[in-house]
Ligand SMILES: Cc1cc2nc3c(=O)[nH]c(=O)nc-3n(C[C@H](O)[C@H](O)[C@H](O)COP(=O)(O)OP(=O)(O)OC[C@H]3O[C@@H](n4cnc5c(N)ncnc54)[C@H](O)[C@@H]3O)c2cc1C
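This document opens with one chain alone, in structure tokens, the form predicted on its own.
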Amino acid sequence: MAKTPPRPFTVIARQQLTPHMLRLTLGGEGMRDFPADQPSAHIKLVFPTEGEARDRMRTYTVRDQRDDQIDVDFVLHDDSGPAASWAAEAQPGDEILVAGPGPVKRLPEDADWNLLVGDMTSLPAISANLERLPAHAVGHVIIEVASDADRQTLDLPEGIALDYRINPHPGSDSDLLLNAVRALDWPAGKPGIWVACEFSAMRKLRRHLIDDRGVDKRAMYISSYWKLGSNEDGHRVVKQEDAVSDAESA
């Protein structure tokens, strides 16, 4: 994450995209020195907490960007954390501190075909990546959503097949995305692979891609965005432990 101080942003607009996805448009003073071309980059929303050693931060994605605004999409559910709860009540004129952006994680430009896999937490980054693909791109997109009504119409090349999988209880079925990827006919050529989802699902997908599909883990982006039963701080710990374990087993 960039070490620049958090920037003050103002809520410009809100839009309910689907039952479980809300978009807030942020702008104002924070855009004065916000870097250009950041769709799919991660940012951190900062919530100052009195009496605690450090501020509470939650990670989100820049879904889209214009000269004076960014869009940030929030997954809403019954047990939302501090950021999603704030977003659910946020109105134009409200303010929020935003740190970052961090590194942009994008598909390689020299892939013969593409595979993007994720759930609703990574849908903003997947969407931003799809919009950068050339018109001749081919491949597959597999996305887990909470309901049929949470399907979004995405801007993607004709050669990209979009497959939505429904799971009303996010995180409860770590095999759902894995089984969808297993069922794919694996094309020849160099794949461009981008995967982000719940922690347990990510680990299973990583093993399948490396062990069964022969993908070099250094040649793909694969990450967990959350862990069932953990807040972001707890997820960060297990993610770091997993990175060490994965490196040792390489």
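Note that residue numbering follows the sequence shown and begins at 1. These figures come from a predicted structure and were not determined experimentally.
Just so it is clear, the following notes concern the form predicted together with the named molecule, a form of the same protein that is not shown.
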| query | finding |
| --- | --- |
| Interface membership of R58, the named molecule in the predicted bound form, 4.5 Å heavy atom rule | yes |
| Contact label in the predicted bound form: H42 to the named molecule, heavy atom within 4.5 Å | yes |
| Partner proximity in the predicted bound form: A84 to the named molecule, non-hydrogen atom cutoff 4.5 Å | yes |
| Close approach of D242 to the named molecule in the predicted bound form, 4.5 Å, heavy atom | no |
| Heavy atom within 4.5 Å of the named molecule in the predicted bound form - residue from I12, V238, L228, L17 | L228 |
| Check all three, E144, D155 and H208, heavy atom within 4.5 Å of the named molecule in the predicted bound form | no |
| Location of the named molecule contact in the predicted bound form, chosen stretch of 106 to 114, 176 to 184, 121 to 129, 135 to 143 [non-hydrogen atom, 4.5 Å] | 121 to 129 |
| Within 156 to 183, the residues that have a heavy atom no more than 4.5 Å from the named molecule in the predicted bound form | P170 |
